[in-house]
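One chain comes next, on its own, written out as structure tokens in the form predicted alone.
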């Protein structure tokens, strides 16, 4: 039965970190439109900042992020000057009374920054925006970049969460994805950040990688559990060589098949739950005391371009090349090409080149998709209280899909559309039922499991 469900519901669909999804962004949202949206942020609103550092000193072949390889620091130093100009320009447009409650440094490899540049970049942010006293500051970390000066700089900027990409500790798998990172290196990072007062550690694990087996995944999970991270993300490798050319370096004949991928995911998830972690959405796990687990239990879990989050900010502002922001009016993306981004930032500060303004129907469907992805259920009364009679069409779509589905991956129960336990691995596929853009054929996506 499980194999037939896999074959039926594991097609290529979006990850739904936004709706409408990125393939539907267009050039109609430019710097002028973006400036208007930034100026409309009110004094009462909370802001989350995402800063993209698009450089790595090694290129991991599995990675689908926007980044480039460099062994020289000069390009990074030049990029930072442009980034600081964008920060100043955005900060000048946003109400000084709006409060930054979260900052996330992503990449690329943010820990490639020299220690003095980390401190200077945070000073630039604090000069441009008003920060909450309890602001959350998270940083994606590469153990190969780190030294004592960088650890001290991360402590100085107030880092509260360290995020480490582990993927898999097996040497054959690491060689196949060009990501050499030992357990001992990873352990040393966890110990170093905790020694400096960082109270939350996140680790990413991938399944579906070349040469991976249930045994290698189990060993990696066991090693990660020995570090007792507060959060663990369990992602399926997204093989998208048409979008990321370096993924062609990965031999497709050594990638696990669909059934093996599912077995790896199921085994890892079971091990994490047995160890006391609570499932959060489709691919995250957290200790019961972690703020994300608490948000999930209380129905406050959200989903954005950073994945699952307990961040309640009304506006997510993306800074840096290719960064995507989410504001009440819609989504906006900066110029992806680093050199062109720098030219735009140096010329006027803003570097927005595309996005999409969300309609009322978009907002309604976005809410439905987020409820499916975060809570595995959609309450029709709650939707009506927020969107009124516009919900009627969505309710009919939900009822029709549930009634026609013979596999019981979803059902109607107490005026709610509910994803069953057996249907939860296919939440992305179920969410796609409510995606009015998907049939346009724009964009190619990774498989759903």
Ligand SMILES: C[S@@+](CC[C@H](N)C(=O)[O-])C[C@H]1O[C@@H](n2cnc3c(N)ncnc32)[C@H](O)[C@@H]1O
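What you are looking at is a predicted structure, and each value in this text was computed from that prediction instead of being measured. Residue numbers count along the first chain shown, from 1.
There is another form of the same protein, the form predicted in complex with the ligand; it is not shown, and what comes next is about it.
Peer 1: Identify which of 138, 333, 247, 342 has a heavy atom within 4.5 Å of the ligand in the model of the complex; exactly one of them does.
Peer 2: Comparing distances to the ligand in the model of the complex, the residue within 4.5 Å is 247.
Peer 1: Which of 377, 238, 275, 78 has a heavy atom within 4.5 Å of the ligand in the model of the complex?
Peer 2: Only one option qualifies, and that one is 238.
Peer 1: Look at the stretches 285-293, 311-319, 212-220, 102-110 and give the one with heavy atoms within 4.5 Å of the ligand in the model of the complex.
Peer 2: Answer to the contact question: 102-110.
Peer 1: Decide whether residue 179 counts as a contact residue for the ligand in the model of the complex under a heavy atom distance cut-off of 4.5 Å.
Peer 2: Looking in the model of the complex, residue contacts with the ligand include residue 179, since a heavy atom lies within 4.5 Å.
Peer 1: Is there a heavy atom of residue 200 no more than 4.5 Å from a heavy atom of the ligand in the model of the complex?
Peer 2: Looking in the model of the complex, residue contacts with the ligand do not include residue 200, since no heavy atom lies within 4.5 Å.
Peer 1: Evaluate residue 307 for contact with the ligand in the model of the complex, applying a 4.5 angstroms cut-off between non-hydrogen atoms, and reply yes or no.
Peer 2: Residue 307: no contact with the ligand in the model of the complex.
Peer 1: Verify the contact flag for residue 395: yes if a non-hydrogen atom of it lies within 4.5 Å of a non-hydrogen atom of the ligand in the model of the complex, no if not.
Peer 2: No, residue 395 is distant from the partner.
Peer 1: Across 372-410, which residues bring a heavy atom to within 4.5 Å of the ligand in the model of the complex?
Peer 2: Residues within 4.5 Å: none in this stretch.
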